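First, one chain by itself in structure tokens, the form predicted alone.
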Amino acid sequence: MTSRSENTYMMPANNYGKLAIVIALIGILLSTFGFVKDPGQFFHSYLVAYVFWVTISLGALFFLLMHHVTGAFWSVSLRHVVESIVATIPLMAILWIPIGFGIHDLYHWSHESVMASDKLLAAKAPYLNTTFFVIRTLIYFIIWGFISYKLRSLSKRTKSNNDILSMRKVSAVGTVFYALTVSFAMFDWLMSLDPHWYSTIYGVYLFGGAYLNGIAMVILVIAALKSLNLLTTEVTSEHYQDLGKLLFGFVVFWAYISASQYFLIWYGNIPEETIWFKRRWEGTWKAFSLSMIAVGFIVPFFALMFRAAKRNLVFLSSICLLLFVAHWMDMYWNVMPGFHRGNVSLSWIDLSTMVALGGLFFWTVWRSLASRSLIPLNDPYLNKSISHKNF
């Protein structure tokens, strides 16, 4: 293995982290004012922003799990970048607290009077109750936090194949728990906004969007590091191409699962199932839904078809930003139709909450990147990753 100095791969002083925390503070101040002015709007806007950012953290965690489970060597030089995004999971646990305080504004099943007057909801009371809802959320974050902490701590001392095998074992077990907890978290936080509606594919659909945007975040962080002249030879167009392939594949996967959910429910024509989609096809929600398909699938699908597009970091980054727009639209589309019936009603609080959580997210990522070398210097497969070529 070529000898490399750790100091060479430490991130130099820059203002990205300071800028992120300043932006976060501005967003927090504006969001606090929004809460005082309109609590109902605030909690729904906050939920949209929260699921946007937490799904990116979870998408990056799945990327890390698959990296270890499959024994991929091409992504070794990206591993510390991915781990820095995964490091936001403890932050996401803290940022869930406002949702807990806003549970009565968000989830009408949380009101005892509603449960008492609705026989169908009363039957779901053993599962849909405030205490168990909070306990489940705590369990989700304990599991995600443990998996991410274990993998990151093992990564710090990786020097041999035995260390890599240990991470693979943790990831193999972690993948099972990940699949279960992410599905149930999406059922709890989003699907239970309309407790009469259900979809068995809902967790997979939201997982697809999470992984897609987790990959997009990896690409954007790499682009930010490249702008500082970092990882210039360690992450190359070969890596961009592989990331682009994953991006393209999960654009199709997300669209396929979304369409499958829609067509199966619409074809079944069961009133308590179709009402969820009908609500998103009324008034200006119809145009919003069609726009989301164009932004989230049609444009990136054709843009990412070409090999040259996947190998161009600037172009790939622009597609990632477009996918972020689509991801926000997707989360908004899941949360808001029950609050704004008939028509889309955008609020400045939607923006302030996104800015607040986004600033904290990037500040955490940047702190994690600055805390150690940008690449795993002692990984036995690092040289193989750097010299990786696509065929």
Partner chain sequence: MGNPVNMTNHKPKQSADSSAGAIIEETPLIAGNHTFSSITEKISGVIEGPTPKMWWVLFSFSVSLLLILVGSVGFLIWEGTGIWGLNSPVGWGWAIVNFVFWVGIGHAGTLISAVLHLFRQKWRTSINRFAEAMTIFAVICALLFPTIHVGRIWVLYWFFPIPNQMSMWPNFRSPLLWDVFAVSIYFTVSLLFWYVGLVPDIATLRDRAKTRGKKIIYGILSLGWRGANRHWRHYELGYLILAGLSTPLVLSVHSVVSTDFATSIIPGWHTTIFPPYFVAGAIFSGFAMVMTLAIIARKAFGMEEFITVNHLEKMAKIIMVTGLMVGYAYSIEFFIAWYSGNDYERFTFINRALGPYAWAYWIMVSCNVIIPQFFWSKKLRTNVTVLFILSIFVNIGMWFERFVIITSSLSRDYLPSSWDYYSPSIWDIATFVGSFGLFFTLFLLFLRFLPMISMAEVKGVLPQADPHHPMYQKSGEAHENK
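Because the structure is predicted, anything quoted here is derived from the model rather than measured. Residue numbers count along the first chain shown, from 1.
Absent from the display: the form predicted in complex with its partner chain. The rest refers to it.
- Within 4.5 Å of its partner chain in the predicted complex, a heavy atom is found for all three of Tyr127, Ser160 and Thr200.
- With its partner chain omitted here, the record of contacts in the predicted complex names 237 to 245 of 218 to 226, 86 to 94, 315 to 323, 237 to 245, defined by a heavy atom within 4.5 Å.
- By the criterion of a heavy atom within 4.5 Å, Asp105 is excluded from the residues contacting its partner chain in the predicted complex.
- Looking at Lys119, you'd find a heavy atom of it within 4.5 angstroms of its partner chain in the predicted complex.
- Not displayed here, its partner chain is kept clear of Glu282 by more than 4.5 Å at the level of heavy atoms in the predicted complex.
- At the 4.5 Å threshold, heavy atoms of Ser153 stay clear of its partner chain in the predicted complex, well away from it.
- Ile270 is the sole member of Ile142, Ala287, Ala294, Ile270 with a non-hydrogen atom lying within 4.5 angstroms of its partner chain in the predicted complex.
- Ile265 is the sole member of Ile275, Val134, Val299, Ile265 with a non-hydrogen atom within 4.5 Å of its partner chain in the predicted complex.
- Shown here without its partner chain, the chain has Ala172, Val173, Val176, Ala179, Leu180, Ser183, Phe184 in 171 to 185 lying with a heavy atom within 4.5 Å of that partner in the predicted complex.
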